[in-house]
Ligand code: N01
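Next comes just one chain, in structure tokens: the form predicted alone.
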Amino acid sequence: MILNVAVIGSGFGGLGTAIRLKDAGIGNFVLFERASDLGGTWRDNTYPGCRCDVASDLYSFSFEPNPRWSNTFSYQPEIWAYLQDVAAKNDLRKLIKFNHDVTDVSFDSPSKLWILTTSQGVFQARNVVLAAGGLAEARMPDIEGIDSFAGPIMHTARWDESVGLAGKRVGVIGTGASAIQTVPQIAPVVASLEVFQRTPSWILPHLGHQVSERSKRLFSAMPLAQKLVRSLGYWRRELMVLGFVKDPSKMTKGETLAREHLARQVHDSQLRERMTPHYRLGCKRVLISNDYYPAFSRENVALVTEPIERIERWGIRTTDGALHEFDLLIAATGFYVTDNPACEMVHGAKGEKLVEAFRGDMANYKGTMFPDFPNLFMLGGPNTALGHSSIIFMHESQLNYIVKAVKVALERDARIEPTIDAARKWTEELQQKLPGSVWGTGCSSWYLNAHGKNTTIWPDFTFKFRQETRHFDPKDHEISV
């Protein structure tokens, strides 16, 4: 059987796609999931302290509000449970092919079909939606000798609960989002903890708090009240664009707040200096935490800023010659984003790999479609990630366009792709905005590809992206039957 739509992934993107396809009356589609359960990022990331840094009311589907969030910034188990509930409410499990690892997605021009090779067989589809997510493939650090370490090494995104931490000498590589959540949780348990920092992060106070039972009852009885809270949170975050994109010098107010937060929590002046960033706030991902800095006041916790030279059998050798001995290493080193392996396996009508779009060598249309990749759509495509708001808002915006395009493709039995002129115009205009933004102020971050080009972040207000993706515009596409 030829599928109308093949959806790859069952996290927020995949489930959102399934719901919107059903609402549009589009049937004969399935979701391919490599794991044995749904949830994507929020299924896989189970490290201690894992939570979202976007408010719960905004980091959820607008069409599936949850009035029972226990915290204004939810922890991983509750977000995963939310996705399970969404799937159950919309009867989506029967549409998911679990344990189907997609290894190749290639377009066959004669048949106008996509051929999907999976761990459990080959499938054909008229349309494909890539919803695997940008934070799906954990990136281990590229450090000499990493395979020679005698003890276990685990990535925060692949946490192994069977590895005991009590009484262990532990090294954490990285000081990004997952590190600042993990470190405070494991510090009281381990014998010693050394955190290896390459570049300090800007850290702001965390404003998350428990949601009262009264508020939960109010949101259940009056959904408009929760919608108002969501709207206020959304517009408050949109104001950040004034500094992120329009005038990076406006970020000094946030920098002052972050420095005051650091000064209140780290009293050692030398340690404080090593933890102070020397780049513009927002150039790297802005972090929030109230317990990361205090963890370093513990006698068993130390910050290491000497660069790592190599990993040896018994620990980490730094460039000053010191050997830091460990029983266990934890890599808090993020994900493959601009070189996502999921994009390596997608081949267009002329054989190109989709990863070229993230390398900056291929034009894209609205971060969603690509010339010579007919009837292929990507959630979280080039320059659709955010530094200030919720990726769920961006996914829902993309789905407005995707569902309309899929309906046209199915109704006309058509091959649809953006014209090269429309794609180039979109890509070039977007790239022209980035040098003057906070992400163009000179730091190194995971937003940049190997050539230093930002193919990750959306450099504008998110409501403008919503406007751009509201409709399917035939004149910007080649439609052939």
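So that there is no doubt, residue numbering starts at 1 and follows the sequence shown. All figures in this text were calculated on a predicted structure; none of them were measured in a lab.
Missing here is the form predicted together with the ligand; even so, the following discussion is about that form.
Among heavy atoms of residue 198, some come within 4.5 Å of the ligand in the model of the complex. Looking at residue 439, you'd find every heavy atom of it more than 4.5 angstroms from the ligand in the model of the complex. Not displayed here, the ligand is approached by residue 51 to within 4.5 Å at the level of heavy atoms in the model of the complex. Shown alone here, residue 333 lies within 4.5 Å of the ligand in the model of the complex, counting heavy atoms only. Note on the partner interface in the model of the complex: the residue among 211, 342, 135, 409 having a heavy atom within 4.5 angstroms of the ligand is 135. The contact residue chosen from 446, 69, 426, 61 relative to the ligand in the model of the complex is 446, the criterion being a non-hydrogen atom within 4.5 angstroms.
Heavy atoms within 4.5 Å of the ligand in the model of the complex map, among the stretches 317-325, 93-101, 141-149, 232-240, onto 141-149 alone. Heavy atoms closer than or equal to 4.5 Å to the ligand in the model of the complex belong, across 173-202, to the residues 173, 174, 175, 176, 177, 178, 179, 181, 198, 199, ordered by sequence position.
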